[in-house]
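First structure 1, then structure 2: two forms of the same chain, each alone, as structure tokens.
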Structure 1
Amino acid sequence: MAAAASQDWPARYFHIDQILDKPGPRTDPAFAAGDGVKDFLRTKAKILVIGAGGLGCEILANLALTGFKDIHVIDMDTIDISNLNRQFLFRQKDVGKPKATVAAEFIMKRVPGVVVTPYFGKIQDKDEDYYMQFNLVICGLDSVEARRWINATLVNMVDPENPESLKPLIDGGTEGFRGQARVILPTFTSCYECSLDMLNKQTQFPICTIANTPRLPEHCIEWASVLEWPRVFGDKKLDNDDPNDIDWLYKTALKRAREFRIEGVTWSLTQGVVKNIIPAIASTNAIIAAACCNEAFKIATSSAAFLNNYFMLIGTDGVYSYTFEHEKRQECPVCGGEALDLTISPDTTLEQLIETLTERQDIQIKKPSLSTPIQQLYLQAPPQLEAATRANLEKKVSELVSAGGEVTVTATTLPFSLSLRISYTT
């Protein structure tokens, strides 16, 4: 990337070089002070940013200014006028355009020498080969589902034979005045799925309150969306992004609010409740993005010890932060559990495989249920599913699972699951 380097003006990195030119008391022994580390950061490191929203805009700006030169960004959204107060890479004229594209152009114009490659689409569109090209991944997402997907993908990619397959994942998240930043080293540290039960749940009101004793404007809006919508429209799905649907909910909620003399139902509150929008706070995004980029810089350069592994920020009453090591959960369905390579004869039947699992000293599973990513092989219960999969018992495993294929085993005696990788003797 010679073209990019030529854009560096004198003293551009004066401050950052204070850190990179000499080791400090806590730098990693492998730290290559001076040109080695600068060269890696500025010409070799390739980083992926997922999300170009509130957090993503901050992350992109920070990365570009700390010296990352090859940045990729994925986002599936287009710019909405309500984003403009905090997503500072976007202007009024950009409304309706893809966030990823506009953000990439803005950064490249503002910070010479940086190449930002946008992708306007879903993270699920990309495969392992795509993710394999990066040194690091930073997430600034607001969706639990997307986070679970990228986390599972990066954990799955780790190949014991290939150190390069391990991609550190830095995950930032904010909710109003709260936020967290964490470093996930797939398969080494606790992963996103390990901490799923720690998530702050969105406030949900008991359905009977909504139905009978509404006291808040939110109760009326939930009544409209949870009870009235399906009653009136049947199976037709509510589209949160369709202004007509929100309009119907707003009017329905307003009527109910009048009936119960409740004030405060507005169009924007309706949209907020239905889409579960927690007001985004620009300063929270800035703090969390800074924490994430600080970790990216430390991991990419080994210039200082990185976060181990969870930083949380609570800014609701004053400012409080807490850093701790979130522990791996043994029963985590993504990174926990056991994995086993099993070599069997191509003539082995599924029933014989199950016998092996129950009898082998090192496995000893009681009543295992087996499936592949595409089908159920044998389920012990409920009776109907047992009957539906019973015919597979007599089949050869080699007809059901290709060589190198994976089988997920669950059983009451396992903390969560066991994964088998099947290969066949020749």
Structure 2
Amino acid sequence: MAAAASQDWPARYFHIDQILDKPGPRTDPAFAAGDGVKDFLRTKAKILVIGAGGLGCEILANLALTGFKDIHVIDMDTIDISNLNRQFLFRQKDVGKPKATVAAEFIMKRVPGVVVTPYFGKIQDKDEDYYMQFNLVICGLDSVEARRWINATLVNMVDPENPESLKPLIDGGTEGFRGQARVILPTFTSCYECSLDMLNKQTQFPICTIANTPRLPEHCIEWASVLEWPRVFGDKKLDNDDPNDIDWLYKTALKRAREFRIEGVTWSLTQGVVKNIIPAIASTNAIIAAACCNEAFKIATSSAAFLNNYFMLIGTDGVYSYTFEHEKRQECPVCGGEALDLTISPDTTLEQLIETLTERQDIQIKKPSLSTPIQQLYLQAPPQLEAATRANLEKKVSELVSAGGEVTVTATTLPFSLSLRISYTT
């Protein structure tokens, strides 16, 4: 990092040093002004940015210009031509290349002295030792599943006897002209899982419309993913992040759209429908990225009190923002520890319970496996165990679980389990 410091241009940190050279009225009591905090920011702090898309590009640029010099970035996507209107670290010559790699090279070229280490792949590829090296993590993701995974991983890493194991998570997200930034201190504040019920529900199209009378390009895409994919590929799971799978859906949906004289099916729309991506607005990305990086700077330097703990931006009618403290859920499966009470009809079948777990806003577990302390109720995989427990799907839950009994719910995509305490209506 000494070489990095030698590349600083004159007066590079003039404005930042106005904050770090002396305490202010909102300074944290732990703040120690002067060379120590500046040295930590510029030579010791190590930051992980997850996502190098519209939000991630803004975050990377802000961090580099703020003075962070050791930045790592993870992204599993490659650059599409549709990204170029807002993801300003990319150019047409970069189409098809990994976002993380291109973004890292651009930042290092534009901001001398900054080292950005890219990883082209999934966050699930890395273990806890990898995440333990960072001082804090910033998420600029468009995937709820990825957010849930990194949130649970950071919570599970916390060791009460090792303060260094607590890694603050700053999560940013945008939906059109709306956005939010939040600070999560694993095990201390509400986590991402605590706020699942705040997410907008995904648009659902009636199956009869999709199958028989499609009118929109989205209907054709849903037909390809919900009906045609299982017919052609059987039990093979659709990978929303695999370009080959998206390409198959696009071509299949396009063929159906032509049959019904429907226009508008594109590759990017196909990806957006399948992944529930809402079109991004560059200005919203810029505001939310700035909010995330301000919190990263405050946490790293203790120069001001950080957000407690949720900031929301609403730009649909003018510009309106507000902050509030989102409280922990005691029954949160990640940070709460208590079982979730669930009351169902005695006639509810196990298959209907699984549908409830998939659709309920505060649970949202896709393809769950269920068990009790004494038996496996239903397992999604491997195929032999799925076949062995399939008969239970038609049975009533009341035949399998007594009132007050607990059911453990797991899913391969999530690194945690959910405990349900079952009761029945009378």
Partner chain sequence: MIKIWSMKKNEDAAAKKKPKTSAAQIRVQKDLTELDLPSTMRTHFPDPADLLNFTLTITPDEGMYKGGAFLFSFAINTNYPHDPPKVKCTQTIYHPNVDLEGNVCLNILREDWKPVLNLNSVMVGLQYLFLEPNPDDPLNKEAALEMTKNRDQFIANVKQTMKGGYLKGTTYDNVISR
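Since the model is a prediction, treat every value here as computed from it, not as a measurement. Residue indices: 1-based, along structure 1. Whichever C-alpha set is largest while still superposing within 1.5 Å between the two forms counts as the rigid core.
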Exercise. Form predicted together with its partner chain, is that 1 or 2?
Worked result: 1
Problem set entry | Large Cα shift (2 Å or above) at Ser303 between the two structures, core-fitted | no
For this session: Kindly check if the Cα atom of Thr316 is displaced 2 angstroms or more between the two structures relative to the superposed rigid core.
Result: no
For this session: For Thr358, decide whether the Cα shift between the two structures is 2 Å or greater, given a superposition on the rigid core.
Result: yes
